[in-house]
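Read the single chain below, which is given as structure tokens and is the form predicted alone.
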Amino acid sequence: MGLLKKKSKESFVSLIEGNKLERDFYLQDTIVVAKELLGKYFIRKYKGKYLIGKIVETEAYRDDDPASHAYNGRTRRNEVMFWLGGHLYVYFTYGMHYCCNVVTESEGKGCAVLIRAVEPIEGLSTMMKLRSFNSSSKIFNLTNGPAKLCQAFDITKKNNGDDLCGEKIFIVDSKIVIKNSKIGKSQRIGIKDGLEKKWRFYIKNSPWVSK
């Protein structure tokens, strides 16, 4: 952990400015985006500092997918899912948790990728405070699930619709190449429909992948 702490402030700013993902990345096929997000840095600007996590697990949801919020059409809840790719779709679930998704493809499609887990890279102490995390707990439980990472990055309904090409929340190309042999796939977690689709992708052997 702390990969970016070894960098100077100037080199870190250069990393962000030169490698922030642009709109075209998000307009690709949803399955492609779900795989290619692995290894990239999810970054949240929080109170003048950066919270950074390496994406280690994702799930894809398309408009023709019965497990997707968009399957039955546009509603007030899923409105952002139908926006142009590159926006953050945040929803509330089980009456207590937030989950964040990367909207993909063209406007009106209703496709998105759920970010299921990240490996903390920068801002660990802040993430722990936001999670009210006991230091004696296993550190891998800090961000190894979609609700956990939203708590750790202070992502709530107020971030629904945030532009990932903006300055508050964005994703940076880490230049880490994850080979296909290192990517695992399975059916998605916590769904009843679409179980035949193996659209959950994760970095094999990462301890930060959800259990």
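Computed from a predicted model, the values in this text were never measured in an experiment. Throughout, we count residues from 1 along the sequence that is shown.
Only in words, not in the display: the form predicted together with the DNA, which the text now covers.
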| task | Counting only non-hydrogen atoms, choose the one of 39 to 47, 60 to 68, 165 to 173, 179 to 187 that falls within 4.5 Å of the DNA in the predicted complex. | result | 60 to 68
| query | Ok, L130, V80, C99, I121: which has a heavy atom sitting within 4.5 Å of the DNA in the predicted complex? | reply | C99
| Is it true that V32, G194 and K197 each have at least one non-hydrogen atom within 4.5 Å of the DNA in the predicted complex? | no
| said: Since only the chain is shown here, I'm wondering whether G95 would be in contact with the DNA in the predicted complex (any heavy atom pair within 4.5 Å). | reply: yes
| request: Indicate whether K138 is a 4.5 Å heavy atom neighbour of the DNA in the predicted complex. | output: no
| Is there a heavy atom of P146 no more than 4.5 Å from a heavy atom of the DNA in the predicted complex? | yes
| query | Quick one: does L114 come within 4.5 Å of the DNA in the predicted complex, counting heavy atoms only? | reply | yes
